[in-house]
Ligand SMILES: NC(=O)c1ccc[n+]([C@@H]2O[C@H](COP(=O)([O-])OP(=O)(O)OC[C@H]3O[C@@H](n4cnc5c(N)ncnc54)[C@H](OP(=O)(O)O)[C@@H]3O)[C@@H](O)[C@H]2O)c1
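Listed next as structure tokens is one chain, alone, in the form predicted alone.
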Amino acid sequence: MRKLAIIGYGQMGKLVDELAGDYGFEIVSRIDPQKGTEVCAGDMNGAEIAIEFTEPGAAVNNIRKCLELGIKVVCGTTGWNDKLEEIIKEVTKHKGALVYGSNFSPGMNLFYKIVESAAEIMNHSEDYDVYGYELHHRHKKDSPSGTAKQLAQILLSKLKNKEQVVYECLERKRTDKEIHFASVRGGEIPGEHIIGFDSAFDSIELKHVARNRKGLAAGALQAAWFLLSRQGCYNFRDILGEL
């Protein structure tokens, strides 16, 4: 069994705890500020690797502390990518290892590829316009989600007639060069993401629905095992094929 620390003991941290043994990990540390534990040598208990699910304001500092302690990190927190370049430098400086991603669900990462292929196909038809929307539980701290942003960037990179994504409420006519991607927060919805292509004649929708959050925990644990023998910085989407 390999030694794993869980940073953040909310719903995702508890799911990682539940599944860890099935993936060959022993939980040696559960970092939860409400219980008085923090990312430090005394509380990490010799962990080789940590899985981090907290919030954007805490994630960057947690990653830095782990790297300083020589602990590899899988970060499932979204909303901190504006600091990614700084963190990549920290990974290099400490000869550490990090896997990050907008979504650790293997199914969602396959959905990324489906959307990418669909957008390439739609470049050959001017009849269809694209839109997107996502739904998440009321507890989610970021809006739009990191997954929504990733899907929007895929569309932007593949659709030749689109130049910008708009996430906020539109109080004007949307321009032809824009993609509108809306967000809904309510209840206990694990996560739904929809990409639509609409014409005057018909409508095509691609949809990913998460039944629960266990897929995210399983993906993070797979990423942790991948990282044990490696150094460097990896996007979960890029290593999915190896997993």
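Note that residue numbering begins at 1 and tracks the sequence as displayed. Here the structure is a predicted model, which is why all the values come from computation and not from measurement.
One more form of this protein should be noted, the form predicted together with the named molecule, which is absent from this view; the next part is about it.
J.: Looking at His180, Arg64, Arg213, His208, which is the one with a non-hydrogen atom within 4.5 Å of the named molecule in the model of the complex?
T.: When the named molecule is considered in the model of the complex, the option within 4.5 Å is Arg213.
J.: To verify the annotation, which of these, Cys233, Met12, Leu227, Ala20, has a non-hydrogen atom within 4.5 Å of the named molecule in the model of the complex?
T.: Checked against the cut-off, the match is Met12.
J.: For the interface check, one of 134 to 142, 169 to 177, 90 to 98, 153 to 161 should have non-hydrogen atoms within 4.5 Å of the named molecule in the model of the complex; which one?
T.: Looking at the partner contacts, the answer comes out as 134 to 142.
J.: Do Glu55 and the named molecule share at least one heavy atom pair within 4.5 Å in the model of the complex?
T.: Yes, Glu55 lies within 4.5 Å of the named molecule in the model of the complex.
J.: Looking in the model of the complex, any heavy atom of Met44 within 4.5 Å of the named molecule?
T.: Output for Met44 is no: heavy atoms all beyond 4.5 Å of the named molecule.
J.: For Gln34, is any heavy atom within 4.5 Å of the named molecule in the model of the complex, or not?
T.: It does: once the named molecule is placed as it appears in the model of the complex, Gln34 has a heavy atom within 4.5 Å of it.
J.: Which residues, if any, of 65 to 104 lie within 4.5 Å of the named molecule in the model of the complex when only heavy atoms count?
T.: The stretch touches the partner through Gly76, Thr77, Thr78, Gly101, Ser102, Asn103, Phe104.
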